[in-house]
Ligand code: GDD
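Only one chain comes next, encoded as structure tokens, the form predicted alone.
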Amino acid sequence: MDAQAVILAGGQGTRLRPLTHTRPKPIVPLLNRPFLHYQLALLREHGVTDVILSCSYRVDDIRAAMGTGEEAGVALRYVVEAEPLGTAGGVRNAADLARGRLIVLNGDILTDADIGAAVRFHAQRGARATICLIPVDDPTQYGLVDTDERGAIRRFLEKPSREQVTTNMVNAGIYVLEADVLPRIPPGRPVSIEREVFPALVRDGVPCFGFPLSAYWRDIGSPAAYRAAQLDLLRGRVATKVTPAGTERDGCWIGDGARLDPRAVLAGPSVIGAGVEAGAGAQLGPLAVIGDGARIGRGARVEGSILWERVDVGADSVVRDCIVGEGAVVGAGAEVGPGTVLEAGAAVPPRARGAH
């Protein structure tokens, strides 16, 4: 496909804290792979291999994890914002590298959207800007995009009342733009593409269309959504070419060098990272993602949970339906329950209950 992509990753991931205190959102792990791999794989699948990442927070960490994009099969370039410029400012900041047609992705969307179909729709209608749309259950909580029967955008409705609702379609954070609209974005200041740029284009009569997606779509920006996205990946609800590292066995992916006691129990679907140790009687899974170098003590249970690297789970403890940051320690006999998010390096005392 003759198009470039811009991924908007300029924020600090505030909704995903405390996880993003130590790692920027573009590379938080999903099934032990940096999140960006999933977006890059989607673009590559649709023939887009020239990708610009607009970022500002912990950029060196992102470069260290992603490099030039070679592992993901793309050419990845970086545009660094001295200060966050908003969703449109991030696109404008990449304008010097952009040419022709652009596919723009918000940097916190896990999706298997048919980008090729969106580009064909865009071209067939002679659009200058196309917004991909996704249906929602409660339209009053979102900004709605109202279109006519051909998909031309008529107006935007921001968190309307029940009486004002005329559609349940919202902005999915995926756009097709012609490069000639970029000069319309004011330079050098934060600009919202959703609230400023698109409404101005529609007011000025620039051809703008909405393309309805029939796809998996999730914003991973909160801890609950981040965890849910990984459970969806484990359950096969997301079409992606990204697979966990290691070898598949009985519905579990097991990384290189994992040392699992023969009396440990594996329950799939789960992902066990490289070098993980599990003691006798430990239960790993179902729906567990255990980061590289983690240690699961004898008799401990980890299920429905996301563990980052080098987590130490003590003997006879229970870690259920939660997220545990890198290097955290769960003491022997402790219970870490649903909804808990432990930051990197956290320590849960032995036999503690309901740790948060």
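Don't overthink the numbering: it's just position in the shown sequence, from 1. Nothing here was measured: the structure is a model prediction, and the numbers come from that model.
As for the form predicted in complex with this ligand, it is not shown, yet the points below apply to it.
Only one of 299-307, 51-59, 65-73, 323-331 lies within 4.5 Å of this ligand in the predicted bound form by heavy atoms, and it is 51-59. For a residue to qualify, one of its non-hydrogen atoms must sit within 4.5 Å of this ligand in the predicted bound form; none of L16, H37 and P244 qualifies.
G275 falls outside the set of residues with a heavy atom inside 4.5 Å of this ligand in the predicted bound form. Contact between G255 and this ligand in the predicted bound form is not found at the 4.5 Å heavy atom cutoff. Among residues of the shown chain, G285 is not one whose heavy atoms approach this ligand to within 4.5 Å in the predicted bound form. Within 4.5 Å of any heavy atom of this ligand in the predicted bound form lies no heavy atom of D138. Think of it this way: in the predicted bound form, this ligand has a heavy atom of just one of G151, G107, P269, P223 within 4.5 Å, and the residue is G107. Checked against this ligand in the predicted bound form, the residues T147, T111, T130, N171 give one hit for a heavy atom within 4.5 Å, which is N171.
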